[in-house]
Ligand SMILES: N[C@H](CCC[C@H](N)C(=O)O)C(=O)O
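Presented as structure tokens, the chain that follows is alone, the form predicted on its own.
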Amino acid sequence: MNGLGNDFIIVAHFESVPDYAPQMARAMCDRHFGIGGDGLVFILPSEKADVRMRIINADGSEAEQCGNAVRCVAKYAYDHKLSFREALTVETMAGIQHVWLTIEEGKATQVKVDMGAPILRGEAIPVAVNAENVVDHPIEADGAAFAFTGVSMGNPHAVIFVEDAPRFEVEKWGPVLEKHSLFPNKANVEFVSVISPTEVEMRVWERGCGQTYACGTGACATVVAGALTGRIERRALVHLKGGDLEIEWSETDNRVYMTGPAEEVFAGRWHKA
């Protein structure tokens, strides 16, 4: 499945995540010798929600949260009759997420997700900066100077505003910044250019994956960072490499809402041990 080109291998036949999940993810996500994907997602039974989600990145590490994966999981749960509700809940390592589905001809096509309230305090993101809000904080890497805004959407993000995101050297600067000493748990790094107060262009280097076509939590973090710095409004359209997401950081309840598509591409069997 994929959400705007951020692609995942969905497995819904386990009661719990097996001990060999990291090796399984590395093998299955290999684009030459496996299926290929940005991550391996387990859909599991939950005592607290309709379904539970665990995400193993392509490098075998585990992600606390992933907005594109949540949309895929919600679509899978409805389309494959794990849930018959158009409003359902997904348990993640970052908490319970509420999801609303748009149904067309018996299938979920658009998914709106309550991504929760952003975490902005430096130590909680975590960022090695003791501040309530880490806004346009200076960071140096390989002789270059940037400014980042730290946001956690259940996973850590460093949002950097640049002149031209589509032409920015993500493959050069992403891996350097991801592992910077300011980020004790590493970080997802977003490179963002502002088109208008309600529209931005974003490219992303994902922790444990590399550059991907889309990142839902990154799009949420981008709108939060843009609003915090006065660059954009609290509701904006985020253009990613794989398509668009609508993001709103609600003034009413302080929660971030993400709306976008999810798609099932194919199903099959994994024969390797």
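Owing to the predicted nature of the structure, the values given are computational and were not obtained by experimental measurement. Residue numbers run from 1 along the displayed sequence.
Beyond what is shown, the protein has a form predicted in complex with the named molecule; the following relates to that form.
Taken together, the three residues 118, 222 and 225 all stay farther than 4.5 Å from the named molecule in the model of the complex, as judged by their closest heavy atom. Residue contact with the named molecule in the model of the complex: residue 52 places no heavy atom within 4.5 Å of it. In the model of the complex, none of the heavy atoms of residue 29 sits within 4.5 Å of a heavy atom of the named molecule. In the model of the complex, residue 40 stays away from the named molecule, with no heavy atom inside 4.5 Å.
Contact check for residue 66: a non-hydrogen atom falls within 4.5 Å of the named molecule in the model of the complex. For the named molecule in the model of the complex, the listed stretch (211-219, 29-37, 230-238, 42-50) containing residues with heavy atoms inside 4.5 Å is 211-219. Along 1-19, residues 6, 8 each place a heavy atom within 4.5 Å of the named molecule in the model of the complex.
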